[in-house]
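Next up: just one chain, as structure tokens, the form predicted on its own.
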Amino acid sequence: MAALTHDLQGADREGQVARFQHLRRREQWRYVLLLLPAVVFLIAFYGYPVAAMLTRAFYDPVPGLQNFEPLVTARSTVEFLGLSIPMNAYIRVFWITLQIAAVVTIVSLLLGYPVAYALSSVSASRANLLMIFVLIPFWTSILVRSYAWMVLLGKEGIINEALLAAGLRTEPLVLLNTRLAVYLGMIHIMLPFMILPLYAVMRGIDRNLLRAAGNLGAPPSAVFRRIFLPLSLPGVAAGCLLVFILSLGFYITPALLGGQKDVMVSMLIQQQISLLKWGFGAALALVLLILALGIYALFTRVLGVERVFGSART
């Protein structure tokens, strides 16, 4: 009798496990069905066009790798840290793009970190009110904001008019179509992308840790340096990665505010497409995509995926 009871209990457990696995499979299929429309939409209207464009690099105008040859043919050199680096015009454009993206990322971090810290230090209701001012740029077109900077920085713009009226200048400053104008315009647009991940992480930091450190005699500077700053590094990593990757492919603002020496890869791609050089434009786009993926892989390799994005989900 005991053996029969044991066998019945074992069969019942196996039945429960089978039912649980069946329900789990049904739930997984439900998630798949929920994701399927979005996946089909992205593949049809984003994935396929992008793949069709990038593959032109290998067959337009003729099959082969001739579209990549201008990128590896060095015709001049540039000096960097005392070294002479072979670099042709196209590689120089990639170098300029990396420089601009790096500066925009660093300045956005320096400006956005204090803002995110202030937002995370106030009450939730006040932070939600102040967050509106951070989100206002999202409600305005990038093109409109770029034109606004053209009005501000032009020779007859507000800044030059104010300097001339105050007697600080006898002739207008050259602010438009310079690298400075590109930095100002891009930082203005990218700053919210830096603040939001920082704020998400900072808001989730337990303030009791800071109070405990203060009660133990740690000065505010040490509390910030030893506790708050390390805990906020995932937000720093996520914000820097987001801003840097977005800056690599920026087009409108550099095209309107930059000069001839501030050509970025996106502008070069558009120029090649307008000249009907689809193959070379696709090659440039493919190299830019590989560069962005490489930077993303480097971030996640050094910091870890969880450290870059895990705490930003708070």
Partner chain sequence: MTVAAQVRTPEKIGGLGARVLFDRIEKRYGPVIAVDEVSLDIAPGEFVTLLGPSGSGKTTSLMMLAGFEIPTAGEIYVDDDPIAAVPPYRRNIGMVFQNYALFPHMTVGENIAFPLQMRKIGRSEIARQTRDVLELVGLPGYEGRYPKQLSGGQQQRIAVARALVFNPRVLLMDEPLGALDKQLREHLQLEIKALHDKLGVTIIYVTHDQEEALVMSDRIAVMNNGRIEQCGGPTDLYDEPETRFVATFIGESNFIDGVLARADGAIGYVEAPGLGSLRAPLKPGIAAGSPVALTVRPEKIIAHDNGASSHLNTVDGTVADVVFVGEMRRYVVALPGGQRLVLKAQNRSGVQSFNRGDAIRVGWSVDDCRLV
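Numbering follows the first chain given and starts at 1. Everything numeric in this text was worked out from a predicted model, so none of it was measured.
One more form of this protein, predicted in complex with the partner chain, exists but is not displayed; see below.
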Query - Of 126, 226, 169, 155, the one that lies within 4.5 Å of the partner chain in the model of the complex (heavy atoms) - result: 226
**Report entry** Contact residue in the model of the complex, chosen from 165, 216, 122, 102 - any heavy atom within 4.5 Å of the partner chain
**Finding:** 216
Query - residue 231: touches the partner chain in the model of the complex, heavy atom cutoff 4.5 angstroms - result: yes
**Report entry** 4.5 angstroms heavy atom contact with the partner chain in the model of the complex for residue 222
**Finding:** yes
Query - in the model of the complex, residue 73 touching the partner chain (heavy atom, 4.5 Å) - result: no
Requested in this report: State yes or no: in the model of the complex, is some non-hydrogen atom of residue 212 no more than 4.5 angstroms from a non-hydrogen atom of the partner chain?
Outcome: yes
Query raised in the report: With the partner removed from view, which of 172-180, 234-242, 201-209, 93-101 is the stretch that lies within 4.5 Å of the partner chain in the model of the complex, judged by heavy atom distances?
Result: 201-209
